[in-house]
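We begin with a single chain expressed as structure tokens, specifically the form predicted alone.
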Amino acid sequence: MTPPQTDVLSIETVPVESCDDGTVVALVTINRPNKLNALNSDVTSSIKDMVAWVEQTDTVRCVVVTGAQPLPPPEGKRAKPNAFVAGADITEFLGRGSEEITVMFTDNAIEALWNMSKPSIAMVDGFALGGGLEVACSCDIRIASTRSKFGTPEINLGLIPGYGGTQRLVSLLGYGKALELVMTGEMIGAEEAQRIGLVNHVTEPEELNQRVMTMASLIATKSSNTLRVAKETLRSALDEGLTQGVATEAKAFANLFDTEDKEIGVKAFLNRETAEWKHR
């Protein structure tokens, strides 16, 4: 199935070299470099289409989301900074009331990315602000370059994050730090983002792609069924109390003992072989 390409979002399928069954990582690039890859209705619609394609394409095992690199500047002009996604396109907010915005933000692209059953990694190189930070937080793992900046500047517009950012930031950072980011609107650097748990890893810009794709390729070699169960079970910790979450984990763990991949994995381990998963 051909990936859905648009003017504002491109998808490259990157083969996983250690797999000979067509396994790929989907490298998804938000492509509005002249607008610092800001989210608009075309981008969000394209993200929803991308998620639908990923869910329907068995060979895609992991998704990497990133922003386009800045274009070369016109002669005599200063180059634009690097950006993952510098926020929402604020021109789409002007003059709109609650009813219109409710429609825009209900069943939205960020929730679609969050609810995707396959693993996702945000490859952040530059600004991840406002809606851009919410895109990053809707991915499962975040890896950033040293020149990246993170923040929720919506407070300066008389707004708060609207794509689930308040909830996910509390889950990632705790109440106090999330409140500080949202209420001050200030940016933090990549090292601070890693220190407080917003980012998993930080690397130099020239090493970022390799670091991310190495991790994505490693994840892609695992059983797709087990990855899905792992993601569902870990997510239950966010939605349920500890007692119910532990019960959910125990049931999911036990159910995996009825799968072919469990037998394949255990036998491969005992025989010191590489597992050839039934569910790639």
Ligand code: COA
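Quick note: we count residues from 1 along the sequence shown, nothing fancier. Here the structure is a predicted model, which means the values were calculated and not measured.
The next section is about a form of this same protein that is not shown, the form predicted in complex with coenzyme A (COA).
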query = Looking in the predicted bound form, any heavy atom of Leu181 within 4.5 Å of coenzyme A (COA)?
reply = no
task = May I ask you to check whether Pro81 falls inside a 4.5 Å heavy atom distance of coenzyme A (COA) in the predicted bound form?
result = yes
ask   = Is Ile90 one of the residues lying within 4.5 Å of coenzyme A (COA) in the predicted bound form, judged by heavy atom distances?
value = yes
ask   = Should Leu227 be counted as a contact of coenzyme A (COA) in the predicted bound form, where contact means heavy atoms within 4.5 Å?
value = no
task = Heavy atoms, 4.5 Å, coenzyme A (COA) in the predicted bound form: which of 198-206, 170-178, 126-134, 67-75 makes the cut? Say which one.
result = 126-134
ask   = So, Lys35, Ala38 and Pro153: all three within 4.5 Å of coenzyme A (COA) in the predicted bound form by heavy atoms, or not?
value = yes
key: Proximity to coenzyme A (COA) in the predicted bound form, single hit among Met116, Ile141, Ala109, Met187 (heavy atom within 4.5 Å)   = Met187
